[in-house]
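Taking the form predicted alone, here's one chain by itself in structure tokens.
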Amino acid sequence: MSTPLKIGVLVSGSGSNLQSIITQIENGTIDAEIVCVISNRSDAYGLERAQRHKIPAIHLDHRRFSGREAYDVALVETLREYGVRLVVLAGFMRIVTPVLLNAFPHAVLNIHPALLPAFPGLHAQQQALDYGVRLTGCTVHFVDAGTDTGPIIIQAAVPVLPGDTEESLSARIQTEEHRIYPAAVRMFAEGRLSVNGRTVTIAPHPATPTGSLENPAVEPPA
């Protein structure tokens, strides 16, 4: 029996992507355990989600620290205390520093609501609408020192429909986020991801289908 991957999740808001990962862990799709959820905001609903699933929920207030690096030192100490091997950013509204990235090399994941490298940063959905693209979507990537610039693991495309607003487009993108983020975590847990420069190589899975809009395709649950 393999030891489940220990995951630490960082949140600042509702934590809907956190919930999608919790659900797939609990139904046995992902061989992992979320051992802590940390938020810089005491009112983040993600902390309540964690408590409902009996996951340690920790408020680590960034205002108590002298700067980003000092805060990330405390983050690393807490994550290591829980034996974390993978850090998942789930709506964590802070720029992480090399302090965290060096402590968890190629082991910090993020999801962005656009098809990177298009529309990095905030309000990606409105950026897509303003630009007039026909397709946008979401991207799971390893985090590096840039803003939404890390090596890409998986993407899903979403059409931009006539009359779309930022809210309606965001809702359809979020549906795809809830599919591909757990898929990326599962690939990591299975040891199928390797990084060479900007390229993430994914070892094949025998159940992987073809012909879907995700790249790579999200295989069905076992």
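For every residue, the number given is its place in the sequence shown, counted from 1. Just so we're clear, the structure is a prediction, and the values are computed from it rather than from any experiment.
What follows is about the form predicted in complex with another copy of the chain, which we do not show.
Here the chain stands alone, but in the predicted bound form its contact with another copy of the chain, taken as any heavy atom within 4.5 Å, falls in 131-139 among 131-139, 67-75, 87-95, 103-111. Mapping the unseen interface onto this chain, I21 falls outside it, with no heavy atom inside 4.5 Å of another copy of the chain in the predicted bound form. Of the heavy atoms in R198, some are within 4.5 Å of another copy of the chain in the predicted bound form.
Of the heavy atoms in A156, some are within 4.5 Å of another copy of the chain in the predicted bound form.
Not displayed here, another copy of the chain is approached by L115 to within 4.5 Å at the level of heavy atoms in the predicted bound form. For the marked spot (D148, I152 and I202), a heavy atom within 4.5 Å of another copy of the chain in the predicted bound form is present in each of the three residues.
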